[in-house]
Structure formats: C-alpha cells, structure tokens
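Heads up, the chain shows up twice below as structure tokens, two forms, tagged structure 1 and structure 2.
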Structure 1
C-alpha cells in the first residue's frame, strides 16, 4: 500500500497468532513501517520461519494465548526491546466446531470460546495493564472478530458467539482505558484468501454463497485486513476507540454465508 501513513519507528508491537495468515501479513506490514515486532503462537517451527520472513529484527515467543503465564511472558518479551509496548494485535483464534447448535458438543464449544474470547481477554488484559502503567501511558490494541460475529453464518455458532464476545469485551476495555490513552478497536474480516480458507476460496457452493452477498464482488486478501489493522494501530486513528471495522467488501450489508453448503 502507498505510504500515506506515518512511520512506526521506535514502536514495539505484539501479534498473537503471528506465524501465518492474517497475523503474519499484519506483522510484516507493521515491521515494514518501522515497528519492532514480536509474534507469538503455539508452533515454534512456524514462528521461526515467519520471523525470517518478517525480517527487520522481528522476534518470536512460543505462547498459548489461553494460558495466562505464557501470554504474560509474551507481552513482557514484546516490550523488552524498547521498554514499552505500543501495539497489540490480538489475532489468535480459530474455529473448533462446525454444525447445528443442537449438535454442538460442550468440549468443542468451550475450546472455541477459549481460544478466541478467553485468549483475547488474557492478551488485552496483560497488554492493557502494561500500556496503562507505562510512562507516558498509552497504546493501541486491535482485536480480531469476524463476519460470523456480526450475523449468523449457519453452522458456526461457537465461533460466531466467541467473536461477538470479543467485540463487546473490546468495547468495555476501550471505555475503561481511554483516559490512560489506551485505544481498543476491532477488525471484522469477511472471507479472506489465506491458507486456512483455501479449501473454500478455491471454489464451490459456499464460495458462490459468499460472493452473492459481497457487494464488492471478490474475496478479500490478507493485505486488506493488515491495512485496516495498521490504520487502527497507528497514530492516524488516534481519536478512534471502541470501533468495529468490517473488512469484508460490504458483506455485512447483506446476509451471512451458509456453511451448510459445504455439505451439499
């Protein structure tokens, strides 16, 4: 993207789930603009490769966002290079359940809520504490929602509910932390052509269902989301907090996708 934006030189950033997909793409963009980026995730091999790709002094920490000690250590590691933490993209998440509400198993539901909502809670709790306590206080936190948290995408109830929870959690944090200069916003991506979604974006009835409901008539790219996160993380958005930004080609204006199409 064009460099209309200011530099992030001297700022440190943490991206959870930064080893692949939207997390990795965003980490690259933040690093390109000058930030010292730390990524975390559960798989060391993936993180090590990603750091080599990001370059620019990027670092990684192996951390599971659902384990408070681990995310606490990741937050501390991200603040270590500059002595403060300026940007956090609480991106880690995923869906561990697909199907009708009445068939949802407790374990799959709980695991999905854990990795998305609880993981975001622990990440922004630890990051927000550090940002509000550092001198001068302040920072930018970006949460990761999904179109599935905006309206039903049939058969994604656990994921959608967890994502909706992230949006509200971030509004609570934004309201509390504003006076400390800590901003909290959320991106709400639609369908994005990353490795995880390749089986869907490659073609089929579900993709057709998506495209029929996207006014801008294409699937999104990782860079579309990264650019929105970059905006919400940088000084250009200094008077924006508690916002949820759909990055979805206008999908939120129509209706959610029907994951039942996968089984037709």
Structure 2
C-alpha cells in the first residue's frame, strides 16, 4: 500500500536494536519511504540478514548501546551517507529480570536498567549532539518505552522502572533541544506479536489476561508500532515534541498485565 506520509528521501536514519522485531519493522518502513537507514545491534549475523530484508541503501554497524564509544561510532556511521542525521529510533532494550521486588537480584536489575535507560541515554545524547549542531533543521528522536513504564505490570519492576525513566529522560531532552529544532518523543507499545513475545502471544493465561484488558481486543503487530514511530519521525509531526504515545489497543485505559500468570 502506498504511503500516506511525505517522502523521507534524502533523510538519514539510525535504528538501534534494528536486527529484529519492532526495530527491523521500523527500519523497513523508513527505508520504504526513502530514508537511508543504518541499523545497529550486537550480533553481526542478525544485522546482515536484516539489511538484506530492508533492501537497497540499508547499512549496519555492530554496536552495544551501553558502551558510549560504540554508540558514538554508530551515530557517526549513520550520518555518513548524507553528512547529517535526521532520524533516530532508540529502540534497543530488553528485560533480564522478572519476579517480585523482594526477590530481585541486583545484577539482573542493574543490567535491565543499563540496557534500557542507560543505552537510550547514550543514544540520544550522541544523536542529540549531532542534531543540535544541524540547527535550525535539527532532527527527530523517538524513544522506546512500554506500557510497563506507564502503569504497573506485575513482576516487571526493573523493566517498568527503566522504561519510565526513558519517558522522563526524553521529556527533558525535548525541552532542552527544542530551540535547536530537535524533537524527542516516545512510543509506549503494548503486547506485540513478534519473536520476543511469541511465548506469550502463542496462548495461555497471560495472553488471556492481556486481552481482557485491551479494549480493541487483539494483540498488536510490529507494523502498528512502526507506523507510529514513522509518524513521530517525519514532517507530519513537526509540532509535536515531548509526547508519549501509547500504541496498545487501549490497554492503558485498564490495568497492566499480571506476569504472575506465567508461574501459575
């Protein structure tokens, strides 16, 4: 289907965690609309396969978002094709802890905060520095949160706290960089049918719990989130910054999922 959005021809984009799932889906959409897309992640084989899926003009760079020198190099690589950086989707993240707060192991909690919040901080810090130097044309940054960062999902304290931190971090950056033409927004996906969530979306008590609290009564698709990121990254949203956009079928209107269902 032809895009209803303006062309992104001549724009350069960086997608962290772009080798699979929402990152890959978003990279495909940005490339389809004309952007030169660079994806980054820690696994070269996965990135190479993803670039082949994205198509002509796509590039990759191996980088760990929690290592500042590596994400700095990724930002520089993404700007090489056009001499500037226009779009960044700070998507990399994950959870290394699930369970009660009282049973949480420090290292698992710390690692979850590191890959989500610290990784996003380093990504938008380096991207924002480059984009601010492009003032007044700036650029657009989109952070990746989650419904779990907006309202409690039982037994996801580290992940939820890290995602909530991303939302506030992006608001601070939006306020600070607005005068340079740099916009910073956030998406808050609900449960998405991708490889990461396949054990849940395949069925069971936790999926039932999710669906009972989603007014639109279905699991989301990668393309649902990619379309929201595409909007926030493009000229159609040129007067939107500091916003957190739920892409969750209305899940935020009810209550968070109870991950205790996995242990029943």
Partner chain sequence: MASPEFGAIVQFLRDNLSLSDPSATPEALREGMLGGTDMMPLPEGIEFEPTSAAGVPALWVRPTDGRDDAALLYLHGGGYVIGSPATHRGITSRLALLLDCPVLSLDYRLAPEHPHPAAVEDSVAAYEWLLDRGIAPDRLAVAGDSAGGGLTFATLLKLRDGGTALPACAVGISPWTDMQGTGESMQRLADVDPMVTPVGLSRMAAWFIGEGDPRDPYASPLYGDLQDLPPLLVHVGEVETLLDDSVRFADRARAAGVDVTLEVFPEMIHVFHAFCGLVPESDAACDAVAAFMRKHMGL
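Given the structure is predicted, the values throughout are model-derived calculations rather than measurements. Each form is matched to the other, and the largest set of C-alpha atoms that superpose within 1.5 Å is called the rigid core. Numbering follows the first chain given and starts at 1.
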| Pick one: which is the form predicted alone? | 2
| message | Once the core is superposed between structure 1 and structure 2, does residue 179 show a C-alpha displacement of at least 2 Å? | response | no
| message | Taking the rigid core as the reference frame, tell me whether residue 100 has a CA displacement of 2 angstroms or more between structure 1 and structure 2. | response | no
| task | Determine whether the C-alpha of residue 137 shifts by 2 Å or more between structure 1 and structure 2 once the rigid core is superposed. | result | yes
